[in-house]
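Same protein, same chain, two forms; see structure 1 and structure 2 below, as structure tokens.
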Structure 1
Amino acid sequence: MRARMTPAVLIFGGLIIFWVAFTPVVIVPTYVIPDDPSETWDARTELEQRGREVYIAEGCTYCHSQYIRPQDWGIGADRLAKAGDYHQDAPHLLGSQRTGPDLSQEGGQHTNDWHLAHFMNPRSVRPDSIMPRFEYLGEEDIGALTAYMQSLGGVEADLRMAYQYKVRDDVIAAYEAGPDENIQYLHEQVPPGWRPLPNPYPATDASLSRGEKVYQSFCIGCHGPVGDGMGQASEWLYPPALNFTTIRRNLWEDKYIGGILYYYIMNGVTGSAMPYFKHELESEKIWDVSNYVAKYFIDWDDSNMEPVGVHSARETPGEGENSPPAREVISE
């Protein structure tokens, strides 16, 4: 016997099967999912809402997700997404591609001037970026977009922002006081244990060439090709990136700089556009880029200075006066 397909079976069967399948998985969730805000949810201001509309219009959502999963590392990975974080969002902007990083916790990760430079020319602050330039949006829309970025993460983002603003005044005051005063201020903010600390890795050719690679992928747009702070981004940053050459006359105890460099590269300079790199650069890469900055821009290499401790056996001698003791022992 053949099952007959009549027009009535086709139409009514089609309708029934559709609603039977649709109702439990779409209608039911609409009513059973609680619509409560999470503990970090925060209402958007008018400007932030305007920024969100720009985000929608520009299709940022096709490159950026807005939820953190358990296996994620990197920006925002401190907080797993909860349904309540998206309270009142219409449309949702969870996203399905991560061509760029997740933005659900973007608020307060960077300062406003970093965002300005990044929207005007992403490659100025992130040399390997493939994000489009958004200069065409104009100042007003970029401002709104930045406000929206800084709101992502809700209450936690607000706390991060409040801290950025608080420190920012001091950073600017120090910058305006003059180059030497600025560096002295910056160095005083580093925890004491880090200051009299030389770079423990000798500035070998290998280390320097690794350092150069890191510098070109991460730092060059701000600090510039010659380390004077006049990279492409300088026109949008205030204070601008540090001019490394002025550090030479402000070494700690007239000789140390490695620990200070490491500390700032790891943590960034809160209140300024200088980002933290602890998610992106492993320890060795930070020491290498520190060597590179020290050697070529500061023109002072403190690697292998006392205190040195017991050296790792794999170290080869650097070019400076301070070669690793292990080698000296062997050559004797």
Structure 2
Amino acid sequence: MRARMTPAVLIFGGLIIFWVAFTPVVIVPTYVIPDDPSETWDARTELEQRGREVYIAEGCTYCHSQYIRPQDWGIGADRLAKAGDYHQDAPHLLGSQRTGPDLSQEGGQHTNDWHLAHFMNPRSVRPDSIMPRFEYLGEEDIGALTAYMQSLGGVEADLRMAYQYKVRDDVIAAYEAGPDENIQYLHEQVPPGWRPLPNPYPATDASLSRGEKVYQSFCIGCHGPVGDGMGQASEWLYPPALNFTTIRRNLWEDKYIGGILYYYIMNGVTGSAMPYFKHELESEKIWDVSNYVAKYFIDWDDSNMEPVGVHSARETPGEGENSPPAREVISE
């Protein structure tokens, strides 16, 4: 007897398929996966919850995820996501698209004024960003959204925020004391081992060109086209980005300038809107943009420094007057 494909058969068969898929994906996890908070979970404040509602209403989850997978370690994540991280979340905002960066550990990674500039005009702090502007939300909703961003990461985010607030007063005081005092303060925060670190990459035409590209992609929005700290983000940042053109070289000590620039580009200036870039820029690019800033904005000449050089397949070993011929180098 041949079965007939009637509407009743289609409906009944569809329901069976639905429940076969729905049961292991939704029902079983609901009763099997524990809803206990993780060690980093923290209850949200009323303002943070309001910011979460703005996040949902604006569709932020379409571009940003909030969970770290094992394959995401390469982006510098501190920990993998756990079920308990999302305790009491309804709905869960895991997201699936990673058009923008993952936000599960965003809290405390940037200052509040950086987030303000970012929401008002993302290109002001991330020149290559494709994120839309959200200035139409108004000050109140942007403040709530920022509070929500700073809560992501739970207890660990709270610790990062506490440290940001702890040093922020010192950063502002140094800025308000004047450019020389500000540079001296920044100099003193760099660990001694970093200060004499020489730039292993000479300021060649290629290095400066690469440094210019890095500057345009990561730095120009805050520090401005001429390095004076008057980029697009300046109206929202306090203190504003460092004005490289006011730096007096005697405060840096010539041999220190490379290591200090490298340190701050890599690690940022905690308490200010200057973020760290060690998860986005490899070492050579940081040195290249250091060369670019030093030459064109600080007007620093490293010609009196002893060359260090990096001998790899990419660099030509021994380009000085006493260098052995290429064949001799290869034969060794």
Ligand code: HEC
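Between two forms, the rigid core is defined as the largest C-alpha subset superposing within 1.5 Å. For clarity, every value in this text was computed on a predicted model and none was experimentally measured. Residue indices: 1-based, along structure 1.
Peer 1: Name the structure that matches the description of the form predicted on its own.
Peer 2: The form predicted on its own is the one given as structure 2; the other form is structure 1.
Peer 1: If I superpose the two forms on their rigid core, does the C-alpha of L186 end up displaced by 2 Å or more between structures 1 and 2?
Peer 2: The answer is no; the displacement is under 2 Å.
Peer 1: Taking the rigid core as the reference frame, tell me whether P198 has a CA displacement of 2 angstroms or more between structures 1 and 2.
Peer 2: Yes, the C-alpha position differs by at least 2 Å between structures 1 and 2.
Peer 1: Answer yes if the Cα of V28 shifts by 2 angstroms or more between structures 1 and 2 on a rigid-core superposition, and no otherwise.
Peer 2: Comparing the forms between structures 1 and 2, which are aligned on their rigid core, V28 does shift its C-alpha by 2 Å or more.
Peer 1: For I75, what C-alpha shift in Å results between structures 1 and 2 following superposition on the rigid core?
Peer 2: Residue shift at the C-alpha: 5.5 Å.
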